[in-house]
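Listed next as structure tokens is one chain, alone, in the form predicted alone.
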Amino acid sequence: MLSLLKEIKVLEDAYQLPTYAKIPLSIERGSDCHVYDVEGNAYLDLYGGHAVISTGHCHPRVVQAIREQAERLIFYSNAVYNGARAQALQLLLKMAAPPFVQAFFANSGSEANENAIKLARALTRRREIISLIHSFHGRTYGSLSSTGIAKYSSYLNTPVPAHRVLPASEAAAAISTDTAAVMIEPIQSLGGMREIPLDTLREISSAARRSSALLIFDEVQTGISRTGTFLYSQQPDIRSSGVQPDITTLAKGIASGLPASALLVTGEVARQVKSGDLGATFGGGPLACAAIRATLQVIEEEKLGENAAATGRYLREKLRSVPMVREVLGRGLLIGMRLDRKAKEVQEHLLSRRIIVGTSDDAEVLRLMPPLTLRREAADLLIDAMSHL
């Protein structure tokens, strides 16, 4: 007789086209930093559904907001005004702060990045998009054409024209009056938690300004307080350096797990966007916007950005004392560990201890992207489990 997990696996494998290599779990329930499998076993979730579960699994305020909105109105498109959308936009732009003044809601990080690329080309009347090796911008055609991880971008038989993927150190020199925008993932999470050096960011930003090219930050993973500040571009060293993107894309944790994303623009960009330039049937729907607003309220009122910064510092400090850890990468609660062995082996060991973590395109880098509610006591469980390997 098959176990319940095996029954579910047989059905999914039979009817779903292949996606990822899956962790051998069937998750049925979640609460804060823990998830529960189909047999009721609890796991500490330090993967967060891939940096999505910002407020913890099933935060009561987010659940309540979704329930109340679903009882009033599940959906109507951008063809009409809606209070949930207006309130979500207002709070999002308050937390993002100037120079961002307007936003556009979509459904995924890939879709937000596609719209950023499209907007940059339309407003500059140029075609070239420069992005960086080791970056990941999504799986739709334009975002994938900008992705700098070979095993993903090699799937493209014919990439979208005029995309150039370069080493970070060569990007500034490549920017010209043909360049519409440079798209940067400031911490290349899937690429091995590689943070773009500040001097390199400054050089790229200056070169873009000189050539009147736009600077796009893909903050799908670094945004929504994951690095401690609401946006990575608000980090003190980034802000003081004068690096300021014209467009920022957000997704992952923006709605605590409901499909949603956003594109933020400065006043200079906003003044050039006309009615009809952007559109999405489901983007900015009432249910998603209720979840966005509740998520942002929880992050702000429960000071989850501050917790991400403090718990992240604590966790990185502790990880440096673990013998197998050669280097600790990232900021806040977006953490990478370069190990002295294969990350996959450690991931499997931790799973046997009922701790879920992620791997990356770098075989030696293990990733942590837990809920922003993570506390030191839970972090200590990981340290203990790794110390006994």
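Position 1 is the first residue in the sequence shown; the rest follow in order. What you see is a predicted model; the values in this text were computed from it and never measured.
The same protein also exists as the form predicted together with a small molecule; that form is not shown, yet it is the one meant from here on.
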| item | value |
| --- | --- |
| Residue (of Ser108, Ser205, Thr266, Thr124) lying close to the small molecule in the model of the complex, criterion heavy atoms within 4.5 Å | Ser108 |
| The unique member of Phe230, Phe100, Phe136, Phe104 whose heavy atoms fall within 4.5 Å of the small molecule in the model of the complex | Phe136 |
| Heavy atom of Thr295 within 4.5 Å of the small molecule in the model of the complex | no |
| is_contact(Lys252, the small molecule) in the model of the complex, heavy atom dist at most 4.5 Å | yes |
| Exercise: Val220 in contact with the small molecule in the model of the complex, heavy atom 4.5 Å | yes |
| Interface membership of Ser256, the small molecule in the model of the complex, 4.5 Å heavy atom rule | no |
| Partner-facing stretch of 305-313, 205-213, 136-144, 237-245, counted where any non-hydrogen atom is within 4.5 angstroms of the small molecule in the model of the complex | 136-144 |
